[in-house]
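Each of two forms of one protein chain follows alone as structure tokens, named structure 1 and structure 2.
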Structure 1
């Protein structure tokens, strides 16, 4: 560095400009379709429905109106149930795919596992409605076998909403956990076995902690997609239980109250941001 001949001048100007040229379309897209709408939504949330100056009345309504607060509680409860059940179902499934299925069949098994992704989200929700309806498949089997005398109320309930969500998100979680399991070196288990650890102890103290990042990534994606979903609660849950996305759409569709809908949307985004901060330590790209 002391002599002019050894001074490193960095990459040439063209080389420095190339990364910016590649990332500019993505930055422009994000600015145009996320940042600017978000700023407009924030501005709208600070105005009254009837017009006038800036006000916080839309945010105060959320905390003073019990039905609005209950919608958030319902959303968090449904999302928590869906996330926990999906993780409990996806982990054994991903472990069987990664450890028990021969490697030459794993690609086919994965393709079959994600087969539901190939169909439309709306079609899958309506398919579940046909299964859970009063005259659906389950009630026909129950009444036909004599287990129940009357059809059960399965559709238009929280159970139906959770069932539809879990069916979708188990596949998503399976993919993230499977990828994490495949990255684990067999030497970890061999080292644990050499030290006298049994299969259960090896799983609890070696495999599970090392696959926790995959679980948390899938759980966070499940949380984000589930708490903001409008279609599944609307189709399978009916209008018996109000969730936050339905509440936002109600303000737009029935009342035309865009400021209140904007405030509710920003509050929902704040909840997602809190969930991200809680999971941030596991959402890193690099492996520890």
Structure 2
């Protein structure tokens, strides 16, 4: 639709009403059930749970209550660890699938690599609990073989949360990085080889820089999905260490404190937006 010649000003018989009739339902839905809730949440966050006029008490609580502040720190730490570990695990894996596996097996290999992606999200976290629990598979193997005398505390830890997240995001990132590697034209590699670069130099100076924007997009997606997720930390991390989504849900569940939950959600969203702006800027520099 880029060239002006293709932009077509509608059929002559149709009045100006038709195009608006087509787009209004979708726009109305978005305004009514996405924008309006957001405004309602904004208003709610400026009221006190006990009632009364407008107040900033919910926001000031976040900055003064150390346990709330800690939840944000935990969230950022866990998300950073998950993003870095997932990228480091997924990149070599995607590279092997794209470069070492014979062409005709690649589709099958990739499909297998993302198969557990299709289990229900709740079930996937639960199945890690089976593996990591006090009497779960890993502890049975460890104590059974005499490596440890007592079962290790694996579930209800940050390690468990990170494992559950990494499991999900390795699959997601393998898909995106694989697609990136396949899109690279082989002529880049040929040119590097012609100019005398070995496979290692070609990878470091040609393949890696060219796939970097794709990795950044994948990493950003990981960041957004990870920081907003409630299920994995709740099932695998337990309540020992709270992350932001758990803190938000707690305000609704136990105390019915919608204003505070709204304020915490808005703060969480602000953090994601800042990350997005930082990321978008970085990506633009990369493309230039």
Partner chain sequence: MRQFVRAVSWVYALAVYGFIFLPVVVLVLFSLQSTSFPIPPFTGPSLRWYDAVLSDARLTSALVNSLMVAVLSSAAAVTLGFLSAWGFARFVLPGSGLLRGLITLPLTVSYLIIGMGLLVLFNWAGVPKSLLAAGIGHVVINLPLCFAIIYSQMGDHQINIERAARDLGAPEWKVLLLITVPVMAPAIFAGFFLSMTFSWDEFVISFLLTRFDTTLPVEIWNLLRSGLNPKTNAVGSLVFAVSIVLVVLFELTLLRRKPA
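Since this is a predicted model, take the numbers as computed values, not measurements. Residue numbers count along the first chain shown, from 1. Only the largest set of C-alpha atoms that superpose within 1.5 Å between the two forms is called the rigid core.
Check: Between 1 and 2, where do we have the form predicted in complex with the partner chain?
Finding: Only structure 2 matches the form predicted in complex with the partner chain.
Margin query: Is residue 270 displaced by at least 2 Å at its C-alpha between the two structures when the rigid core is overlaid?
Written below: For residue 270, whose C-alpha is compared between the two structures after core superposition, the shift is less than 2 Å.
Notebook entry, point to check: For residue 239, is the CA shift between the two structures at least 2 Å following rigid-core superposition?
Noted result: No, the C-alpha moves less than 2 Å.
Check: Any CA movement of 2 Å or more for residue 28 between the two structures, core superposed?
Finding: Yes, the C-alpha moves 2 Å or more.
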